[in-house]
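The chain below stands alone, shown as structure tokens; this is the form predicted alone.
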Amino acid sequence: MKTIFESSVKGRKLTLLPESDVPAADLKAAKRETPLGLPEVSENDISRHFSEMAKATHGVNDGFYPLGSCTMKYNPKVNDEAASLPGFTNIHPLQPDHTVQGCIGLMKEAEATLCEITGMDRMTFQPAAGAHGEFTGLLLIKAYHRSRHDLQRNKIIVPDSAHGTNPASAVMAGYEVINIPSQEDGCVDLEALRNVVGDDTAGLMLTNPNTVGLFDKNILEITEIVHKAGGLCYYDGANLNAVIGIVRPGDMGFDCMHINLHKTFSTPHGGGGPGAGPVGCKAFLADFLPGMLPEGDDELKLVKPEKSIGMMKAFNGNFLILVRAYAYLIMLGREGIPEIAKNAVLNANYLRVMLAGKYVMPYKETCMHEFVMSLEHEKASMDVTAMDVAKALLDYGIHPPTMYFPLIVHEALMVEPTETESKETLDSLINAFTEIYDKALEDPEYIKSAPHKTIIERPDEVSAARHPKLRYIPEDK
């Protein structure tokens, strides 16, 4: 498809703005040295251009999106309606507290609800995404140790199955990362953990269920080992969708955590945002929380905690994402929230069992919200890789699952169906995977050259990654 610049025709124009009704000003100092280079197109051209772009994208409204660990699920439109109410949209973050009592009240109720779900005592809505929440939580841990003059604690323990943002966030917070291996069952190696904890342990970062989709049966022992060494435990909330309303991170022994509102609580996910990664903590860390927290009963106000680490983002984070999440919570209620986890787990296990006849499942146990397949055998016997199978799924109108993650599984495909997909949709994925496998046996070159029915075929991804074209340069330049 052409870029909007390639559709440009010299002299073609449209009128979007009315004629200026004030005298023109000659801003010589602000003038560009070169022309802006905007495309010259009609309104018809623009409309068709963006419609064509929309058709070329894929989202949950277009088809199945089983992206592992990312919870790409349908977002009820009532959430958007709630976030569009004038009382939430026609406000300014610098308004006096008494003029935005409804908004502060929503923050207070959302905090109480999310704390009840997670087993935390207080929560900040400042962080803009999950990794931002990780960084915030690590700064809370650092502030806690400093307040106790426990300055030698400079190491964060991270399992080898962790999300890549975990070690990155720890390094950003000034910590040294200590990597520990997983056992053959995909869970944390307890002996390895005992061998690395000590007086220099600041904390542990862990998600449970973990990235291979398994709930660690030793979770209480894991957090106890870290606590006995004087460290704190941080819960990566990326996989909270599997246990919401069933078990609470706070009861597992975690001291602080982030929630991905844009995953677990059904707010927009993808396309670069918007995101929200609220951070919850136990009471002993609450004084260090960033930003302003809702306080009061009759007249609500936003109050900065006494030992706050400061501001992680302007004002109160992405407020309208919180509105969407709160609408989702009150719509589901206490009875509906556990159904999210139950259906997500049911869907994942249905897929896992039905596909096990064709594909290798490295972990035989009942999984949680996602499972990992290994195509190591297919690569060795047919020269068909996980990437090839993922590309072939595009011809079925299905977004590929996560590829080559976690790293502890070779030729991995990680599948997360979420709770919002029907049995018919799951069966269509099973059918696609089955047909791809059978076709690979019959004609591996066909699968290796997939996709065949998409707008573009397989690009040179190495060149695209190493030499990206980030801006349009006219040929005559």
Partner chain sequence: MGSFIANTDEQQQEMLSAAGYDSYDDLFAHIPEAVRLGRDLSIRRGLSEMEVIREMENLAEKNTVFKHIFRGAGSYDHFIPSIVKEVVAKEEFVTAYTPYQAEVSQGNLQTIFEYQTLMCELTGMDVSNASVYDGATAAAESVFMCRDRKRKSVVISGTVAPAVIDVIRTYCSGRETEITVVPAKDGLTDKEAVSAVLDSGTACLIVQQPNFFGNIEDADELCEAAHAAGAKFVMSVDPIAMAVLKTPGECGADIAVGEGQALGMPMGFGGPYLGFMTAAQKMMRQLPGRIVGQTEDSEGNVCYVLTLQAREQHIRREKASSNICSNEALCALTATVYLSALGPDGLKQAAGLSADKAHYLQQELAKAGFAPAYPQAEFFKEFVTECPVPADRLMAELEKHSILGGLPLADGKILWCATEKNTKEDIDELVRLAKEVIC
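Positions refer to the first chain, counted from 1. Keep in mind that what you see is a predicted model, and the values were worked out from it rather than measured. What we label the rigid core is the largest C-alpha set whose atoms superpose within 1.5 Å from one form to the other.
Keep in mind that the form predicted in complex with its partner chain is not shown, yet the notes after this line are about it.
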Considering only heavy atoms, tell me if Asp160 and its partner chain come within 4.5 Å of each other in the model of the complex.
yes
Considering only heavy atoms, tell me if Tyr350 and its partner chain come within 4.5 Å of each other in the model of the complex.
yes
Can you work out whether Ile91 and its partner chain are in contact in the model of the complex, taking contact to mean some heavy atom pair no more than 4.5 Å apart?
yes
Mark Thr113 yes when one of its heavy atoms lies within 4.5 Å of a heavy atom of its partner chain in the model of the complex, and no otherwise.
yes
Among the candidate stretches 375-383, 229-237, 216-224, 185-193, which one is within 4.5 Å of its partner chain in the model of the complex when only heavy atoms are counted?
216-224
Check each of His145, Lys301, Arg122, Lys342 and return the one that places a heavy atom within 4.5 angstroms of its partner chain in the model of the complex.
Lys342
Sort through Val197, Ala286, Leu355, Leu139 and report the residue having a heavy atom within 4.5 Å of its partner chain in the model of the complex.
Leu139
Within 15-30, the residues having any heavy atom within 4.5 Å of its partner chain in the model of the complex are Thr15, Leu16, Leu17, Pro18, Glu19, Ser20, Asp21, Val22, Pro23, Ala24, Ala25, Asp26, Leu27, Lys28, Ala29, Ala30
Once everything's superposed on the core, is Ile455 shifted 2 Å or more at the Cα between this form and the one not shown?
no
Pairwise C-alpha change, Leu16 versus His92, in the model of the complex against this form - closer or farther, 3 angstroms or more:
closer
